[in-house]
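First, one chain by itself: the form predicted alone, in structure tokens.
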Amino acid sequence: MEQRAYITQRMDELKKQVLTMAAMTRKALNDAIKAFLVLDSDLAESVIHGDVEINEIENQLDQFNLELLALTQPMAGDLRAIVGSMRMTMNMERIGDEAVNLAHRTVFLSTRPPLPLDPNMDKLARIAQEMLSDAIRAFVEGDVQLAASICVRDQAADDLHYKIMRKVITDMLDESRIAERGVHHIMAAKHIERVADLCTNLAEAVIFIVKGEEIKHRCQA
């Protein structure tokens, strides 16, 4: 096979593998959030047990990328795609870890009387889910404008996280017996807010792949 055709084939395969991992990560996040909102311990346990598959595909992608670097000597756009995909897989694995952390909170809380759910928790969850979905779509379509919009939305996630934390702390001061459950709610919000942060990293990787611009810590189109 001619070298350029071989490289193109391998790059297409790389993109497919990244998208496979993205789909697995998105499902883990969606299931973890659903489990938390309704305190479904069985669904939460499935997220915890399923994380091994996300870790395995990350390892496979790491190996695949190293082979591409060693065997194809990629240049320009191909090199950016490989480096960018390595950043994406690392951050998607971390999102999977946050989904697992949230699932562990759910398993614990399911054994206790439920606390009233702050409506901002649902809002925060939806923002994180939308940011992840849009990061994946931006990668598929090479859409830097969509990627940049993800960065902007991170501030809304930060604001909601702060509101949730402040309300739960206030409730804990008013009623000390909810303190243990309150801490788990605060940490659950932190896990979801952390997903939003990681989605901005995905967006930065997409912009790097498409435009060749390094914008860590200043994500914009």
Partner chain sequence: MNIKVKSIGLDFYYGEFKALEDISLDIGENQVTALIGPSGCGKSTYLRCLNRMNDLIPGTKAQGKLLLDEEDIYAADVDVVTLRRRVGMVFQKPNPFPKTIFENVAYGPRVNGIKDKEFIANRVEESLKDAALWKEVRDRLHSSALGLSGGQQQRLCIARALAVEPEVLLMDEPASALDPIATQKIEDLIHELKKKLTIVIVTHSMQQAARVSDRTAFFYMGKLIEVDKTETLFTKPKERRTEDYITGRFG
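Residue numbers count along the first chain shown, from 1. The model shown is predicted, which means the values in this text are computed figures rather than measured ones.
In what follows, reference is made to the form predicted together with the partner chain, a form of this protein that is not presented.
The single contact residue among 143, 118, 93, 78, judged by any heavy atom lying within 4.5 Å of the partner chain in the model of the complex, is 78.
Residue contact with the partner chain in the model of the complex: residue 16 places no heavy atom within 4.5 Å of it. Not one of 49, 129 and 194 is positioned with any heavy atom within 4.5 Å of the partner chain in the model of the complex. Note on the interface: of 104 to 112, 67 to 75, 133 to 141, 85 to 93, the segment with non-hydrogen atoms within 4.5 angstroms of the partner chain in the model of the complex is 67 to 75.
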